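The chain below stands alone and is given as structure tokens, in the form predicted alone.
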Amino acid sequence: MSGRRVVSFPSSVELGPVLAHLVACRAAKAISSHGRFSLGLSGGSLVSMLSKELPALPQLDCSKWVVGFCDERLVSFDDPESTYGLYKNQLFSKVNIPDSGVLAINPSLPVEECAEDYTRKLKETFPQEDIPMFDMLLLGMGPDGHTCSLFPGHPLLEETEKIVAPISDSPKPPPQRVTMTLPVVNSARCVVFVSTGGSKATVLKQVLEGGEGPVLPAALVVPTHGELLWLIDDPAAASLTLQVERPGPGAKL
């Protein structure tokens, strides 16, 4: 797989600042190239990591950022399960991303209409592109190998027409969600997975090195023209036999 980099850090403590610097550098590059930086966010441990590390960067200017969500749970914004709500409270309140630059779902709509509404927002934000091309997507991976709200064995893995799809039977609660589909994920200029902790070691080996059984959703993320980076820590990398990069202290990607 050309273009894939697997980079391991001693722990998430060392990983976090490198991720923040990578985001800021790609933002500056995108703004210089085409006037804005489009970023897709995921929930989980990424929320606290980014909320700690991005505001700590000196002179970070997010005024030309456009931020969307790789998936979202269909709950109210004040629900602790809301990815938007978590970022709003922990990150957006600390940086100068304009309100107009945050693409959030409308959680008051039924799940099918919510997906259609979010699709419309993406199409308005990326009017020149049949499939939105984000500058960077930040993804996590569940212990079952799912990413976004694309779960093993689910029909949505085969979706090729929709850019945002509803899901009403998520095996992980809450059951109703909307998610970017694989065509959008694989159109991004840069996809960064962040996966840490020893509990991810077995599934990470299967995703990165293959093995018995069907291909897991995270392994289906293969950007068509973009970069793919896996940022992991040593506990998550414990079972890998492939060569991984191990940058020294203070290194930048």
Ligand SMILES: O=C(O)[C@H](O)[C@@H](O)[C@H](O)[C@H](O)COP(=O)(O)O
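These numbers come from a predicted model, not from an experiment. Residue indices: 1-based, along the sequence shown.
There is another form of this protein, the form predicted in complex with the named molecule, and it is not shown here; the text below is about that form.
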**Prompt:** Heavy atoms within 4.5 Å of the named molecule in the model of the complex: does Pro107 have any?
**Reply:** no
Requested in this report: Considering only heavy atoms, tell me if Arg26 and the named molecule come within 4.5 Å of each other in the model of the complex.
Outcome: no
**OP:** May I ask you to state whether Lys94 is within 4.5 Å of the named molecule in the model of the complex, using heavy atom distances?
**Re:** no
* To do: Would you check, heavy atoms only and a 4.5 Å threshold, whether Gly43 touches the named molecule in the model of the complex?
  => yes
Partner-free chain; cross-checking the named molecule in the model of the complex, the single residue of Leu74, Leu137, Met141, Ala165 with a heavy atom within 4.5 Å is Met141
Within 4.5 Å of the named molecule in the model of the complex, heavy atom basis, the matching stretch of 156-164, 143-151, 99-107, 118-126 is 143-151
Of the residues spanning 160-191, the ones with some heavy atom within 4.5 Å of the named molecule in the model of the complex are Lys172, Arg177
